[in-house]
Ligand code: HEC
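What follows is a single chain, given as structure tokens, in the form predicted alone.
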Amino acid sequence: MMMPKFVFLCAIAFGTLVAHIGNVWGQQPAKASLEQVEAYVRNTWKSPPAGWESRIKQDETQRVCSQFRNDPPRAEYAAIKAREIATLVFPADGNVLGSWKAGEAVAQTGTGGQFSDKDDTVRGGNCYACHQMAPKELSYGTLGPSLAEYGKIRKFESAEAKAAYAKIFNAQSVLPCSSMPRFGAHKFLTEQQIKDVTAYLFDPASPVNNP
């Protein structure tokens, strides 16, 4: 399978990758390794984009997940979950469902997170890079679980839709050290985009729920 064009949300996840480099042989991240990675990233362009350094710095959750190789002790697990739950913001009107057609476009769009993207580049979730969604899709990633018939399996229940919205907004609030990006918490996707993707999963008319 060809690697997806979209570099998997490097604006969010690259910091985690940096820390894992030092862990290849069971060691903690070494300062030299971090410097080498930073040098590699910096030398990728003739003129590095402004602010690139901040895009590879880890926050506390990324640091802890890297330290424990995504298997944190119970206390750290609870601390991550509490910290990330606090970031959740639901739509003011309580409606977590938008347009499934717009959500399909978000799921299939893999631009917006690459260093080479311009500021006005349309951002997407690149969901198919990790998940099967619509059963009829021929190409999709397998890093994440299949989401085929997601809403149908959950009987299109509103509570399940709200839970899905929360996971898209910040997967760490549901499963600490999840590999899924924190789309809403990091403001990578808008509230409307997250609502649309949730609708793509839960609308009975969506291709996701129609084999």
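The first residue of the sequence shown is number 1, and the count goes up from there. Quick caveat: nothing in here was measured; it's all calculated off a predicted structure.
Keep in mind the form predicted in complex with heme C (HEC) is missing from the figure; the text below concerns it.
Comment: heme C (HEC) is not present in this chain, but in the predicted complex one of Ile80, Ala134, Cys130, Val96 has a heavy atom within 4.5 Å of it, namely Cys130. A single residue from the set Met180, Ile56, Val41, Ala185 has any heavy atom within 4.5 angstroms of heme C (HEC) in the predicted complex; that residue is Met180. The three marked residues, Ala105, Ala148 and Lys195, fail to reach heme C (HEC) in the predicted complex, with no heavy atom of any inside 4.5 Å.
Arg154 belongs to the set of residues with a heavy atom inside 4.5 Å of heme C (HEC) in the predicted complex. At the 4.5 Å threshold, heavy atoms of Cys65 stay clear of heme C (HEC) in the predicted complex, well away from it. For the chain shown alone, Leu201 is a contact residue for heme C (HEC) in the predicted complex, at least one non-hydrogen atom being within 4.5 angstroms. When heme C (HEC) is considered in the predicted complex, Ala159 lies well away from it, no heavy atom lying within 4.5 Å. Contact annotation for 111 to 128: residues with any non-hydrogen atom within 4.5 angstroms of heme C (HEC) in the predicted complex are Gly125, Asn126, Cys127, listed in sequence order.
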